[in-house]
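Only one chain is included here, represented as structure tokens and corresponding to the form predicted on its own.
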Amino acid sequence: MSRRGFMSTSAALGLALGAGGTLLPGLARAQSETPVKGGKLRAGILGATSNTNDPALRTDEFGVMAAYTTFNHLVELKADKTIEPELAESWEAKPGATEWVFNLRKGVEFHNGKTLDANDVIYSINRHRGEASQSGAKSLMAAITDIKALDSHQILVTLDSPNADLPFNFSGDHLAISPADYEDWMKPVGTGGYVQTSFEPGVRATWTRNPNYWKEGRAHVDEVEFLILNDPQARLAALQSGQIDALGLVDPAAVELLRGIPGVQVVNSAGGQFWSYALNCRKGPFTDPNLRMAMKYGIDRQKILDLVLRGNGALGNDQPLAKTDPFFNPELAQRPYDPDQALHYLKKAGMESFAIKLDTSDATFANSANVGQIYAQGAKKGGIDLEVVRQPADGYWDQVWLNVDHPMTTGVWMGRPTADMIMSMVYASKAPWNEAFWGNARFDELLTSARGELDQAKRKAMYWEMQALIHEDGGHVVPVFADFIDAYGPRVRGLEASPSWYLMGARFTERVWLDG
């Protein structure tokens, strides 16, 4: 899409001047206006025909956004990455942090009229436990040995080892609360601000406002509509034409254009989102750590940050914690782009050159194929022939990613509220989303120990060692941390930055309102 095309269409629409990065003072003032009810909020969302409303099985943006639109959780993650009560009014750990008591909110109704009680919460949590579970939160719930009701609105969670961060785990999109024994995920029932009224996987979904929503000051619009838009140009055109009001995962290359369009509001939030290249450590050439190291030295991270992110992010260093994380290890030297070192590790692996396929898809991040080509150009100088394979967005997460027959796949991680969460979900040996199929006994031991360590200095030392293990031995190439970039149409009010996920930590549907 040309800048001329962008600007001419915008002018025809008569939109007012917007801003990017942070909101302009005028817009900032507008965001402080009193919320009003009404209107239809339309968003462009990434999705696929395999989409589901089952929070346990979701794998992409649609599942996350739908979860926070339909359901509530025990706790809510705030913009400052602290938590506050949601369906749990309060919680308390017994000495040793292996037993936690959660007091549930009373008087909350599901969309089908059932009143929330302890059995609903126990059922919802147990869906993520046990060998048969396929939930993305399975590893986070693995430490639970028992969960029982103390009364109709109080539960006791018992763990096999201490966990100082347990309440944070219940803020994740997977841990949505549904009625006990509920399984009809084509017609999901939650306690959230909106009731789903239609669902066409890979096409669209609609909701109407929950007339009995218990939460004060939330769920302002009458209707919500998600349109599945995977093509980057089509997504921008839909926002530009007014077909949609909200768009996450904005291509950084389009930010300057969007900033020039009257009325378009761009919100840029630095956080824990990182792009990843997963090197299959279980099967194929990357079982050799020398080849993993060659791939880490063969990528020009600065070029990707400059040319693709346009500076909207920071360099990655092959480990998952951003500099904003309290357990970030600043003593790890930044790994440079060094083709000679890549060649050195190829020779240690007994090779003069090396050829491998890299699977990419627009389902991960905008321009992922172009980023792969930048990787390939740099790797070539290090003796690595990287063939970039662009896979269709529809089906990528279900058929390519996490497929042990693929040697190298592209991924994107939005970060998590705690170091324990991201490491437990992606890096632990038995983690369900261990996309690199990496296993390290020392890492697993440290992860368990750090989870229950209440001495912050000792805990910090453990997380530092874990980052070093991932950095040196792990199966991930992490080129950059990318800012969350969202764009909204001129009617949308109540905007705020969030370091946790796109579109206000995926909670935009219940927080924004429409002007006029």
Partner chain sequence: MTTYLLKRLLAGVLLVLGASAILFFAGELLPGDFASRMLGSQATPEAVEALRQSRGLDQPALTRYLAWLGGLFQGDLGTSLTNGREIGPLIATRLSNTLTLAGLAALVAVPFAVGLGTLAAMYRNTWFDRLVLMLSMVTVATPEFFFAYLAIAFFAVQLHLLPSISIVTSEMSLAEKLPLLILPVMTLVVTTSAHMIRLTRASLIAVMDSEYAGTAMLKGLPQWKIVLRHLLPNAMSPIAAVVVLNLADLIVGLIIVEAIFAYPGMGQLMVDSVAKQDVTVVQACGLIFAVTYIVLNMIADLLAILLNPRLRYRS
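Since we're looking at a predicted model, the values are computed, not measured. Numbering follows the first chain given and starts at 1.
Not pictured, yet referred to below: the form predicted together with the partner chain.
Trainee: In the predicted complex, which of the listed residues (Gly202, Gly260, Pro326, Pro85) lies with a heavy atom within 4.5 Å of the partner chain?
Mentor: Selected option: Gly202.
Trainee: Could you tell me which one of Ser161, Asn119, Gln243, Ser90 places a heavy atom within 4.5 Å of the partner chain in the predicted complex?
Mentor: The residue in contact is Gln243.
Trainee: Determine which one of 317 to 325, 127 to 135, 270 to 278, 294 to 302 lies within 4.5 Å of the partner chain in the predicted complex, judging by heavy atom distances; exactly one does.
Mentor: Contact criterion met by 127 to 135 only.
Trainee: The partner chain in the predicted complex: within 4.5 Å of a heavy atom of each of Gly47, Met186 and Leu229?
Mentor: Each of the three qualifies.
Trainee: Report whether the minimum heavy atom distance between His73 and the partner chain in the predicted complex is within 4.5 Å.
Mentor: Because no heavy atom of His73 falls inside 4.5 Å of the partner chain in the predicted complex, the answer is no.
Trainee: Test of understanding: in the predicted complex, would Asp483 fall inside 4.5 Å of the partner chain by heavy atoms?
Mentor: Flag for Asp483 set to no.
Trainee: Taking the partner chain as it sits in the predicted complex, is Gln154 near enough to touch it, meaning that at least one heavy atom pair lies within 4.5 angstroms?
Mentor: No - in the predicted complex, heavy atoms of Gln154 and the partner chain never come within 4.5 Å of each other.
Trainee: How about Leu57 - does it come within 4.5 Å of the partner chain in the predicted complex, if we only consider non-hydrogen atoms?
Mentor: Leu57: contacts the partner chain in the predicted complex.
Trainee: Judged by heavy atom distances of 4.5 Å or less, which residues of 332 to 352 approach the partner chain in the predicted complex?
Mentor: The stretch does not touch the partner at all.
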